[in-house]
Structures are given as structure tokens and as C-alpha cells.
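Coming up is one lone chain in C-alpha cells, specifically the form predicted on its own.
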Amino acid sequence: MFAFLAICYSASAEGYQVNAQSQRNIAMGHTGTGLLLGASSVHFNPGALSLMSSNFEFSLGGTMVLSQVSYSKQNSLYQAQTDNPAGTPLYLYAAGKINDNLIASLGVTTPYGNSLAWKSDWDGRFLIQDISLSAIVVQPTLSYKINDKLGFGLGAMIAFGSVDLNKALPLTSADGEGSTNLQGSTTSVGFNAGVFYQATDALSLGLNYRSKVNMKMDGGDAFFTVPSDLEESFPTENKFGAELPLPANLTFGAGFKVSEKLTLALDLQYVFWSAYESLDFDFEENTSSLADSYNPRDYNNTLIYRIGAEYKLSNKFVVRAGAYYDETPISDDRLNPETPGMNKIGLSTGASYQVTNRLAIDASLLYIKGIEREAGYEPANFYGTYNSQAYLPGIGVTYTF
């Protein structure tokens, strides 16, 4: 009897969680919890919004993710690499003053997503061939200035998620191997809260919490292509249900104005990945060959260490740079090739050009290098060495008045 196992999508901090929510922040190592960087604080720390100087700010931008993962099979000369489509995370922020103390804002971001494509006949095809994941988060937020130094913000997070996954099945016939396609979408909610404190003219501190969002999917579509004598065991219009937690994040940030031209930033981000214990699939119609599946994940909580700098070359031109180190939550026997988890180093740079008093163009470039890792997925006895790298160029505009 063939048990239908390990149809899964991994939510690793360095894979599925996409840190590309503002060109200015990306360029500074994706710092921002302890900074006043305008409307992007909707995402990074809504408490900072209450202290923004302009009456209204609008920010819009996008990033292109060009990534590649390579795999070398354990005790073998076999190698494979992905041919990933380009990802395009986007963001939009708008913030405006209701009065001197209260600011209303809206953020639309894509903080979770992944596009990964291995060749259809590669050795790990029974685990994954290709996958497309996305989550759009809409965040209406209110920020209140308690006094000239202290602000607090609170917002809802409405997440719209979708998945499209393909993998091979170890069922062969004259027509070739079997395969399955899983598609589905869902909506869930969470919240984001932040506190910002301007301790001195030079030092600012921030604390931001983004809650867990439990993406529960009911009525997803499961399509199977199998030999004709097995079609009754794999219903062609089956449905499935599953749950995937988008983990909570707690971030402490600090900003230090060294001079009128130079600002430094530091963020320490704690990701509550232990919420991701397993990924279970409940099929609407079970057969002797198609059982509900239990896929252990046992993720560990992790830290992301971020540093950044901003330097004003002139009244019109600002340059930025940053770096971060992102720990993987995946243990050595839970590494699955649908989102290979490696410790990653990110290096970034960017600039802003003030076209007019109100309009600025923002650009960034982020390079991410996955540190080579030899590990595997124990339930399928699939082990090897993984390497990865990605380039993320981005551009955006900021408008204030």
C-alpha cells in the first residue's frame, strides 16, 4: 500500500519569510524598528509613525528576487540545481495625520512567498518538483504620540495566502510516472504592535511584535495523474485541508545619529518558529492508497542579527549599506528541498535621490548567500549538500507633503 506522505511546503525564516518591505530598509540590512524612516514604519514599528514630521507620506516599490539552489547527492556524483522564476515582492504604505497626536496608516506587503522549480525528473521529484507560495498582508494601523519622545502603534494584519505545488508520485506506467498538483487559498488575521522611544536627540529605541498568523486552508484542490488501474484510488477532484503557521516575530531596534550626516542602526529579530511542529494534510476522500498525512517539522526558534548605516552626501542624495545573519530553524534531519534551510548572510546597499522637495526615488541591492549545508529529510532518507544564493535589486518612490 502506498501512503501519500510528505506533500509539504516549508516556511523557513530564510526562505518563505521574505524580508523585502522597503527599499530604504533593505539597503540598511532591513533594519528599521528603532528608526524614523517614514511610512514603512507601518511594517517595521507602527509606534514610530506617530513621530513622523510630515502630514502625509506615501511609499511604493518592488523587488526582483533572482535565486538559485544547488544540490549534490550524498555519496554520489549526482548534482542538480533549480531554475527558479523571478519573484516580485511588492509593498505599499500610506500614512497621514488625523491630528497632532494620532496617525492613520495602511500597509500592503508580501512578507511571505517562495518560487522554487527543480527539473521535473530530478532525484528529489517525489518530494518536490516546483512550488509557488504567496501571502499578501493588508495592515490598517493607528499610531498615537504619547508625548514628544514616546509613540505607540497597533494594527491588524489580514493575510491572503495561496499555494500551487507539483510533485511526482512513485507510480509508473507506459505513460510515465504519476504526479500530483495541490492548489488552494485562504485568509487569516493577526496583529502588529510597536513602541518607539526617542531617548535622546541621537539615540532612538524601538520594539515591535508581529503576531503568529495561522493559515488554515479548507477545500484546497488536489489533482492526481496516475496509471489508469489506480485512478479509483486517487480521486481526480479530491479536496484537502491543512494548516501552516506564519510565525510571530519580536524585534528590538536601535538607531544612533553619529552626526548630522551619519546614522547607524541595529536590529535583533527573534522568530518564533517552534510554532511549526508539523504539517498535516486531511483529504476529503481517503482510499487504501491515499491516506491523510502527518509530516513532522519540529522547527526551532531563531535570531536574525541586522546592522545598517545611512549617510547623507548632500541634501538630495543619501547612500545606505547593511548586513545581516539569518539562522535556519530547520534541524539536520528535517531539511526538505522544497525550501532548503541554510544559515544565510545578507549584504545590502542602496541610495535615495530627492527629485523634488516632495518626491524621492529609492533603490536597493541585496545579495544573500546560503552557507553550504550537508543535511537531509529523514522521513524520505533524502540527504545531500545544499548551496544557495540570491540577488534582489529593487526600486521604489516616496512622496511626502
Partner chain sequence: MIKYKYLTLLLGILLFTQCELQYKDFEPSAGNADFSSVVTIGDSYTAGYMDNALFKQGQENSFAGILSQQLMKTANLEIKAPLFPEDKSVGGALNGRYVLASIGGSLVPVPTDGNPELLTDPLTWINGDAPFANVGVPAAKAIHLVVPEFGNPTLGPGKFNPYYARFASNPGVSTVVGDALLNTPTFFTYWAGIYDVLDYALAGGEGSTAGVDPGDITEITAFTQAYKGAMAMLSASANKGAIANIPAVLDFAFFNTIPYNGLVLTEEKAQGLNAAYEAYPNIQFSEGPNAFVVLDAFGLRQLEANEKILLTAQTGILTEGWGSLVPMPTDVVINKTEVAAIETATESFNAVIEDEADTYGLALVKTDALFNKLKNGFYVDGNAYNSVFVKGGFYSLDGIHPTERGACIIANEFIKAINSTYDASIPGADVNQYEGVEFPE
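Just so you know, these numbers come straight off a predicted model, no measurement behind them. Positions refer to the first chain, counted from 1.
This protein has a second form, the form predicted in complex with its partner chain, left out of what is shown; the following refers to that one.
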Residue among V138, A80, L266, A275 with a heavy atom within 4.5 Å of its partner chain in the model of the complex: A80
Contacting member of A202, L313, I98, L154, with respect to its partner chain in the model of the complex [4.5 Å, heavy atom]: L313
Option from 354-362, 40-48, 367-375, 328-336 whose residues, in the model of the complex, bring a heavy atom within 4.5 Å of its partner chain: 367-375
4.5 Å heavy atom contact, Q21 to its partner chain in the model of the complex: no
Partner proximity in the model of the complex: D229 to its partner chain, non-hydrogen atom cutoff 4.5 Å: yes
Close approach of R125 to its partner chain in the model of the complex, 4.5 Å, heavy atom: yes
Distance check, Q68 to its partner chain in the model of the complex, heavy atom within 4.5 Å: yes
Contact check for S72, T172 and Y391 against its partner chain in the model of the complex, heavy atom at 4.5 Å: yes
Heavy atom within 4.5 Å of its partner chain in the model of the complex - qualifying residues of 379-401: P379, A380, N381, F382, T385, N387, S388, Q389, Y391
